[in-house]
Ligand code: GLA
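The form predicted alone is given below as one chain in structure tokens.
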């Protein structure tokens, strides 16, 4: 593992950049600021190592990072409507940093923190963060850990752990934006996508969860057979209009199969997502800010990358029909997600 200085934070502390390389050559670059994945190199159909995630060149860009590119998200991924929730009769108030919603942990969520990084093996890195009681409005002193590991089968394994001294919410995820043609590609609309889900969660015009899960059959949201992301992204559908494309939570089938798969014919790179989480948020990059500088002098374009964020259902703390993200005092909450890369289509013919 290689460690180098990445920059000096606004508060004067030094952030580092870690390079993890697996036995097959797959390489991940991770910064301890925001526990963010900066680069992820995997082989394409010609054996060329290709960076398949968006990222920035400088620490200052990660300190701003309005689209959460590559970052660890917490304490709670996705949206909490109204920015409030009740636990044991106590009302907790959070930032409204997304219109009427609290999003991804607030203005100073885990993506805006300098984590403590420790090399745990030659091909893995563990980052730890202490989030004090009342941090961004959440109860409890919480210790959060994220471990990134590059495996021999060309997978990036991400393990999340959290423990608090009070009942609280813990729903971490990672916000990497993928383009399997490489970061130098401008669009993911020709990527094929499969999602192992019969149902998805609906939102209202404020992108707040309605508490309803609908059958995807006959809708633009049916990815149970691989299809191009762009095939139905402009469909005449309220759910599409509310978010400008896809930005929806899928309720994964509990059948032991992969959660999602994607494939880019141009590069020949496939990706399979496995997780022990109940759901995945598919986001087609509709709100990526045009012109935002990224690595290598590139500029962001709308829908140039997509996210597959494994997590609890959005606003689950308000909807008893959804699995709860609440953890008890002293409870160790854990989850793991793996992004495995292949050359060729990841699904069976």
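For clarity, every value in this text was computed on a predicted model and none was experimentally measured. Residue numbers count along the first chain shown, from 1.
This next part talks about the form predicted in complex with the named molecule, which is not shown.
Trainee: Looking at 263, 110, 85, 177, which is the one with a non-hydrogen atom within 4.5 Å of the named molecule in the predicted complex?
Mentor: So the residue touching the named molecule in the predicted complex, by this definition, is 177.
Trainee: Counting non-hydrogen atoms within 4.5 angstroms of the named molecule in the predicted complex, say which of 103, 144, 271, 71 makes the cut.
Mentor: Result of the distance check: 103.
Trainee: Do all of 208, 315 and 322 end up near the named molecule in the predicted complex, with near meaning a heavy atom within 4.5 Å?
Mentor: No: none of 208, 315 and 322 comes within 4.5 Å of the named molecule in the predicted complex.
Trainee: Name the stretch, out of 40-48, 295-303, 61-69, 26-34, where some heavy atom lies within 4.5 Å of the named molecule in the predicted complex.
Mentor: Careful reading of the contacts points to 61-69.
Trainee: In the predicted complex, does residue 56 have a heavy atom within 4.5 Å of the named molecule?
Mentor: Because no heavy atom of residue 56 falls inside 4.5 Å of the named molecule in the predicted complex, the answer is no.
Trainee: Might residue 191 be said to contact the named molecule in the predicted complex, defining contact as any heavy atom within 4.5 Å?
Mentor: No, no contact at 4.5 Å.
Trainee: Find out whether any non-hydrogen atom of residue 247 is located within 4.5 angstroms of the named molecule in the predicted complex, and reply yes or no.
Mentor: Yes, residue 247 is a contact residue.
Trainee: Within 255-291, which residues have a heavy atom closer than or equal to 4.5 Å from the named molecule in the predicted complex?
Mentor: Read in sequence order, the residues that approach the named molecule (within 4.5 Å, in the predicted complex) are 281, 283, 287.
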